[in-house]
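Next up: just one chain, as structure tokens, the form predicted on its own.
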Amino acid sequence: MKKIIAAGALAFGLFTFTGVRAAQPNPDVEKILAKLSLDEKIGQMVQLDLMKVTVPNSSPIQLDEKKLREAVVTHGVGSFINNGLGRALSVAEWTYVNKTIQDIIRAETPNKIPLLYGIDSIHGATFVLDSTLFPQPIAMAATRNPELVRRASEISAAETRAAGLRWTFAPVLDVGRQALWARFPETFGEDPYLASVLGAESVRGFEGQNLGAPTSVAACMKHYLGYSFPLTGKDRSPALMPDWYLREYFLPPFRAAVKAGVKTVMVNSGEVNGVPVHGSKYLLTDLLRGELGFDGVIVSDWEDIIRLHTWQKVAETPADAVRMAVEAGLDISMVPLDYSFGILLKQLVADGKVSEQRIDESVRRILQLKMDVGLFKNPYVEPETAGQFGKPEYRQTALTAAEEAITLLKNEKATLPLAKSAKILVTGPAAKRISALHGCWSFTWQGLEEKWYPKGSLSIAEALKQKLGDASVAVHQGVDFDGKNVDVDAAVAAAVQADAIILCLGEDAYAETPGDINDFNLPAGQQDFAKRLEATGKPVVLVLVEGRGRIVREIEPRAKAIVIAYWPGSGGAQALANVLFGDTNPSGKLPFTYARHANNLLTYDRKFTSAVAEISAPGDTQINPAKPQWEFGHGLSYTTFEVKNLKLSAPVLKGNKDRLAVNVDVSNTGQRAGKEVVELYTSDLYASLTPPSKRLRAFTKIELQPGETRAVQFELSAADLAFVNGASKLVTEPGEFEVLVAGLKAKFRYEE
């Protein structure tokens, strides 16, 4: 019997309030900085979209060199982005773009400061044609596999850098506790510890051991801070939360990323407690730089400094907006379509409202970043990157990630896996849509334009035909994603002739505000279609292809099996085929609580007070336990596992240095090999703030052969039990705690 040692939160340094020591001045940076004029310095703080300097609708892309010179020579712009261009570019196109820009800078600017390009490599090199796209972060969280998350980020970095791009606006470290939010699929789920572990691994994957290496890119943790908890559920809308709650649930992933060495941060587009984050010195300087010790580059999101004036109405003039953001601590303004930021900032310096010393602070950080990624050494596409794009092993990793992400939610009477001799109907709006397997930031911003996807990309229907043969697979769409009839009657007729129905419902790709919804229920037309298919009496296997858990309460009972694929990326279709027909044993676990009712959106760590109610008279109470459709951490397998023999090394944990070992034995009691996630939760039974029912403190994923048993050990310390109290202080209070692993419980006391 082997023993697995799994680290708790302490190993990741998530819950300490000690800052990281600021980097010492770099003499090489200081030498360059001393040469720069005020105009050149301000230019380094300006970020434009590439569309500002391109010939419209050119294919292959063509730069307008007159406009380009205006940008990088006249205004000295220091960085570009790609969001407005509308599509991904090939490696050859990126090589041309990079060379043209850097050539002009080298030939026509006094100090030849290379331009830095930032790109949204959210789940792969998403703006490079033919790149490998991994499952969206919400699906990567379902794998519970930090090593896989890190490897996906390494591959994303390699393919991004092969196009000459050295800065990615990823990972998203917003904690997904508002399931309506359109950017939910970009998160690592609802738990701050899970997001912290996976986010830190993503940073390490992107940045590697050496940021200057031709396989690395600078990471950007975003969107700091509190972006993912809007009151309305709509993107870029206000959030309201006390400081202790912000620190307890939303700060930990950013703290972990800082500890992992992240080089840049992007700011929350919205506001927290009435204060736009772009204008908050408390959040950007006092907390981020002071407490967390972050010494890298802070970049705005799209047009968000301008919006301090135009949207959020806290700055009376555009100049006031620039002053507010710069004084709050911002380094780079994603303007992104004009030169207003630089013009206004220069005037503010002339008027004595912003000091040149403050400008120097930002430019110093920007120059250091450019040095770190190797731009001063070689600003062009590096020859060493030529062989690292599109490797077959990248596709295999994407397939593995999708297989480990897919989560089996229901399997009545072992409906799955299906027999390969079965004749099936594949139907539903996601059956033939490649975009629905990839989601947002997939070769275009919204991910909807399938003409940009690599040749050979498979839909679910195509992957199943490859698996079973054309003769065994009937395909009808039935309805579209809005629930409108496409060929419902034909699909129902085909269902009668099938042995099983694979019904692919859910959401097509969306990003940001276009993904806002007013109804969390799966569209009625999709549900009505499901009911007609279920009425045929043929077994329905419901495949949910979606970025968030849309309500399926009315159609769940008659579905014989249900899997959620999330948005599983390049390998998603093949992975689904492998899972549905038994070539892969599913091992995914939900990274969020899947709601049963649209008006009852809870998280797994809900409090006792969310369940207790007075039902008829004062004092006449009962417990009304919340009944989500599926709990956080739920996920079935084609084998069975048993966890037993929960033992603690001591009944008391004392002080800050002591460690409590938590041991369990995990056995595969089924007939086939499988991977199981073992999660450790703790409950603080009494605390100065009403405690949550439980909190995830550690997890590990193991693979067991039939009949195999393995010992798993976790370690807990006082830091793992800490919480942020009402005074915004991190504390571990003495008292009784409970450990929970797979339904087993054991109590211990913490004493100071």
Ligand code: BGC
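Each residue number is its position in the shown sequence, starting from 1. Fair warning: this is a prediction, and the values are worked out from it, not measured in the lab.
Keep in mind the form predicted in complex with the named molecule is missing from the figure; the text below concerns it.
Checking 130, 320, 301, 450 for any heavy atom within 4.5 Å of the named molecule in the model of the complex turns up a single hit: 301. The listed set 512, 534, 382, 605 contains one residue whose heavy atoms approach the named molecule in the model of the complex to within 4.5 Å, identified as 512. Residues placing heavy atoms within 4.5 Å of the named molecule in the model of the complex fall in a single listed stretch, namely 215 to 223, out of 412 to 420, 347 to 355, 551 to 559, 215 to 223.
In the model of the complex, at least one heavy atom of residue 183 sits within 4.5 Å of a heavy atom of the named molecule. In the model of the complex, at least one heavy atom of residue 334 sits within 4.5 Å of the named molecule. Using a 4.5 angstroms threshold between heavy atoms, residue 266 counts as touching the named molecule in the model of the complex. With a 4.5 Å cutoff on heavy atoms, residue 508 does not count as touching the named molecule in the model of the complex; it lies far away. For the partner-free chain shown, just 169 of 159 to 178 comes within 4.5 angstroms of the named molecule in the model of the complex, judged by any non-hydrogen atom.
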